[in-house]
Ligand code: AMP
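Here we start with a single chain on its own, the form predicted alone, put down as structure tokens.
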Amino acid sequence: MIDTESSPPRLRLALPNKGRLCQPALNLLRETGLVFEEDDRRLFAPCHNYPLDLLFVRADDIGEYTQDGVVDLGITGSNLLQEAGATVVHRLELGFGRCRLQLAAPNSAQITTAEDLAGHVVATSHPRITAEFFAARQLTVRLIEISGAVEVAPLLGVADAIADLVASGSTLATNGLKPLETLLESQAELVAHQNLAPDRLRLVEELALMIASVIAASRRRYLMLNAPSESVERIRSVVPGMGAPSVIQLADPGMVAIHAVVDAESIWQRLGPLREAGASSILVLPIEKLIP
């Protein structure tokens, strides 16, 4: 007979079983170093190198499952968490699945602000958030909940405006809609149950740190270069990074190697100024994990 009370705990993490958040979430966990097997038909996947079991469920249900303690952790969109009204602990913003809940109206309509929608019909995929938005503005509108293709509602004469998720805004333009106001900015989040036992909370904090190190590393690059000793201060002004760079004396007199961690987004704009400052043999390397 197995003594379940003395067995070490295994965390349960709910992931979207499909949709735009599914594959990025799986990629992030693999980059963290977790080893597991999954396919389109699998609803459950244990990790082989960490006490963690993955459950694949509807993204819309993850907030409620986490709130109710069905799972210890969940990865889903912040828009879905707010729409569900889920009471959870927000552990990490994950940086993918970025979108916004946008209020929009037809280009041809004499509607330019949210206040112009008073007394009108608004179709939305997020009735809770949209209702809270108009209530806060003390505006009375009639909401119609539509789960898909919300942007065609004005064209069909079903609604005067919409509140729907957009990423680039190209779908709005294609369907003759103009943005009025953003109701919510959203991205994927790691959330946790509020009342975890101490042994589970320790594992949650450890896993969150592992994931955070991958996210931090993805935003940085490791820069290595050689330069004359007198160029160190000029080079340092070009590549401000995480604290002071490492300066290492080379075998050649008057030459040093400089190592620094820098922002990934700006590194390519700095290569020209670096060479002008005297840098040579410049290497830019990815970072696997980074714990500041």
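Nothing here was measured: the structure is a model prediction, and the numbers come from that model. Position 1 is the first residue in the sequence shown; the rest follow in order.
The next section is about a form of this same protein that is not shown, the form predicted together with the named molecule.
Three-residue candidate spot Arg20, Gly77 and Leu165; every residue lies within 4.5 angstroms of the named molecule in the predicted complex by at least one non-hydrogen atom. Within 4.5 Å of some heavy atom of the named molecule in the predicted complex lies at least one heavy atom of Cys99. Looking at 111 to 119, 128 to 136, 77 to 85, 154 to 162, the stretch with residues near the named molecule in the predicted complex, meaning non-hydrogen atoms within 4.5 angstroms, turns out to be 77 to 85.
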